[in-house]
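In the form predicted alone, a lone chain appears below as structure tokens.
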Amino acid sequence: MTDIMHSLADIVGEDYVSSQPEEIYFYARDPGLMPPHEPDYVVVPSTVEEIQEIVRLANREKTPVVPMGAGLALTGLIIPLKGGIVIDMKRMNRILEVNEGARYAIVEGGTSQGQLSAYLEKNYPRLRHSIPDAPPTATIAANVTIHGQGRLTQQRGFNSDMVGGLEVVLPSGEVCKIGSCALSFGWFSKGPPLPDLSGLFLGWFGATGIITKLAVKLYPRKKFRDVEIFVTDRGELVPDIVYEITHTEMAEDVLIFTQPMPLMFRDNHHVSFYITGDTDEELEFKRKLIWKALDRFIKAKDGGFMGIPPAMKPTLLEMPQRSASRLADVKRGGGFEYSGPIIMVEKYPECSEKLKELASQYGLAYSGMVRVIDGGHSMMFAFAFAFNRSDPDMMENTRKALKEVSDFVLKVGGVYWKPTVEEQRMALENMDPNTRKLMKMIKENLDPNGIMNPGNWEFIS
């Protein structure tokens, strides 16, 4: 162990490697429910070459490596389940290039969402990227690695669909470029018309390589942005309402929430849609088209628009929307976790009923938070529960509720979004056997020593 410590210090410098208890404590956990697991070392590299040397050292010593962004995923994806070396990417946070004409930015693997957002606002005010509803410290690379979703997901798909290219340090220590950048000076495509190899890394939670650079697609930033909320007390109608809104192709983002507090929200389902435009006329045109599409629900007295007080609108228009994380302190204990299956929009009624059933059964504060994905092809339904970290019974009840969510998701045809280790195991056990065989082949060929974030997408013979 002492030899590894000295070797890491030789690579990054003594100031950027630690095995001290106070730092090991911090890197052993995330904000979710998974029990902590301590790493042996924490290292903070500043270059691709340093990451290469760390990975080669880990291979020689058969020591696990866990790449880390901001550690905000909640589901244990950066907890070092088998010890080893946590690689904190925070020093590799440069914005390397913005191509305004081709609308993409190239950033290093530790660049945060807030950093890019602020940079674009200052230097390229007509451009924006898809921002998740996570704290601004969340990193872009980690978000796409878990197929993150953000403020353009309804129109464009997952944030990982908006990647324009990758640079990855493989488990062997070699550097590989993925997409058009492997052949061209432009980072405009992660695959097509070449074979799309990005799937070897996106969704794998750092178990197949470490993203050191990536291109993220940028989109027009409109001058005006507004939000409307359509409310119904009939959950079974929500899929039809979403279908009508997305059919207009006028909404930038479509969210749904259902929760018991404040009392004005109880037993209702709120469908929020966001519209953007460069003129008031454009905004009004889009608004009227969506109003017209929802007119039949109003006439049938099955729903209507909620008036939004002027003081409330800035909160709803925040990017990221901080109100989404306020559930974390409802119980004054700083605890919050959710299971976020990706599922067809038509399953919304079953999901919302299951959420209320579990909250009642286990006595939990809850919220159902939904983002529509890719024009309504699917949705992310977050079964979100708040708990007090000083109350072990409440934490255990939350674990039980989330376990039931995991079982429920497969029964109703959903797939796990950023799955926990247990959900990964369930997914592997239930998927097509030849798909599982193919995934195992990929993992074993890329990482024959099994050093990359072991425990995640682990194939047990």
Partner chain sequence: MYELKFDGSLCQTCPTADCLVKCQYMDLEKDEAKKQMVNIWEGKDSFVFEGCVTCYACEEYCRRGNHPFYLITEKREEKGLLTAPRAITKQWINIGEPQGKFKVGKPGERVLSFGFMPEFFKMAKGRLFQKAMPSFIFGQEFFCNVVYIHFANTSIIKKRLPMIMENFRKLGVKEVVCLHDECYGSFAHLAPAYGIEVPFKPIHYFEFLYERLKELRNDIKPLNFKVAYQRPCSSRLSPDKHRLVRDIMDLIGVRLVEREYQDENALCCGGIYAMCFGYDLANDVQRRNMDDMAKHGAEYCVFNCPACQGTLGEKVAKMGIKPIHMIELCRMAIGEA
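None of the values given here were measured: they were computed from a predicted structure. Residue numbers count along the first chain shown, from 1.
In what follows, reference is made to the form predicted in complex with the partner chain, a form of this protein that is not presented.
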Is it the case that Ala102, even though its partner is missing from this view, gets within 4.5 Å of the partner chain in the predicted complex, heavy atoms only? no
Does the partner chain come within 4.5 Å of any heavy atom of Met306 in the predicted complex? yes
Would His247 count as touching the partner chain in the predicted complex under a 4.5 Å heavy atom rule? no
Residue-level question: is Leu170 within 4.5 Å of the partner chain in the predicted complex, judged on heavy atoms? no
Pick from Asp302, Glu252, Glu350, Asp240: which residue has any heavy atom within 4.5 angstroms of the partner chain in the predicted complex? Asp302
Quick one: from Arg266, Lys177, Arg296, Lys223, grab the residue that has a heavy atom within 4.5 Å of the partner chain in the predicted complex. Arg266
Would you check whether the partner chain, in the predicted complex, lies within 4.5 angstroms of a non-hydrogen atom from each of His270, Lys288 and Lys292? yes
Out of 278-286, 204-212, 158-166, 339-347, where are the residues with a heavy atom within 4.5 Å of the partner chain in the predicted complex? 278-286
Taking only heavy atoms into account, state which residues of 226-248 are within 4.5 Å of the partner chain in the predicted complex, ordered by sequence. Val231, Thr232, Asp233, Arg234
